[in-house]
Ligand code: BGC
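Before any questions on binding or motion, here is one chain by itself as structure tokens, the form predicted on its own.
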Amino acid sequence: MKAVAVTPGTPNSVHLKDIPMPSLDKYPNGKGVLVKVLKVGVDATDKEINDALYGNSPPGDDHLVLGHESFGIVEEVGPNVTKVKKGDYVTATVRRPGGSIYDQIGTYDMTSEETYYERGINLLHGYMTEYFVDEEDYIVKIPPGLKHLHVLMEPMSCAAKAVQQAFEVQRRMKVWRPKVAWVMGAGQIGLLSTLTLKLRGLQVYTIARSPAPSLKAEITEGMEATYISTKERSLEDLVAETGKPDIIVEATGSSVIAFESMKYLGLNGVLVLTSITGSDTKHELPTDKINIEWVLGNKLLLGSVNANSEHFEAGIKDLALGDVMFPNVIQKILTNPVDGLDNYQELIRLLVEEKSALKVYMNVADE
């Protein structure tokens, strides 16, 4: 069967490859699930893997099948599978357990090992193929009423985890009732983080460079958040009007903005970094000033990456609620479809060249 793969370590090596059809026999415990792939999303991670900034093949292979944002339909299940059945819409988590205690108790997105395993990213093949098999524990059921949001399940899990982790660590405050949130960046993670924060009742400012009117501004305002263009308004002016934010979710893909955000966080606040940056950018900051403000202000810097099945399930619930509260808004994120695995070059072109694209994804097959 067909798959879209790269040769890790070789820039711009994306290619079409023939790989074996997967089988439930891979899981002799009877808990395997065979999924027919319908759609696969791509993001900056896939671009950076194709740029050879990171990513490794599974042991024994010289290629890595791309794709970590899956949407499919169950084709067959093993005899001991109880959570899903043939015909269910599903997605699958990305990270897989290693050997640490956190991996073994189900929080495999929090591994304490340097070596990590992620489908389509590192040491495990991804979902950009016709079928895949995985164990029931890593398959997440999607309600039929959300199938129009398909490949947003994985990025939504990351947004849900980022916000959940911020609230989790802020239990140190005993009482923490954040009112103002900033979301740095209006890409898919930024917009989905905006949704999650709005559903928690915060006053949300989603901050990006491009001025309104734009699709990003339209989606932000459709979620009843406030869109701020840094080309039209300074962050200092925003602070003067609203005060410093209690929580900042950084989702720009820029390490410069990630660290610049430290200057604006309010007292007892939390800054969540979600960007993965693979180059060697350097940037100068007033570190003494930031240091004293953060120490005296009890501020917290938190990194959040990937998600386990609980975050997927939480994200799906937020998508369901958000789709009801803000009808026809969330699906506007799904901007650029490409039909068929054979058109992988167009997929990469859109990912690299189409700056207005919020979500590029591939239609692999019909139901």
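Just count from 1 along the sequence shown to find any residue number. Predicted, not measured: the structure shown is a model, and the values here were computed from it.
FYI, the form predicted together with this ligand isn't displayed, but the following is about it.
Though this ligand is absent from this view, in the predicted bound form it lies within 4.5 Å of a heavy atom of just one residue from Asn56, Ser309, Thr45, Asn336, which is Thr45.
The listed set Val65, Ala314, Val305, Leu302 contains one residue whose heavy atoms approach this ligand in the predicted bound form to within 4.5 Å, identified as Val305. In the predicted bound form, at least one heavy atom of Ile276 sits within 4.5 Å of this ligand. Not displayed here, this ligand is kept clear of Glu260 by more than 4.5 Å at the level of heavy atoms in the predicted bound form.
Although the partner is absent here, Leu152 sits far enough away that none of its heavy atoms falls within 4.5 Å of this ligand in the predicted bound form.
Residue contact check for Leu192: none of its heavy atoms lie within 4.5 Å of this ligand in the predicted bound form. The chain is drawn here without this ligand; in the predicted bound form, the stretch among 78 to 86, 114 to 122, 220 to 228, 279 to 287 whose residues come within 4.5 Å of it by any heavy atom is 114 to 122.
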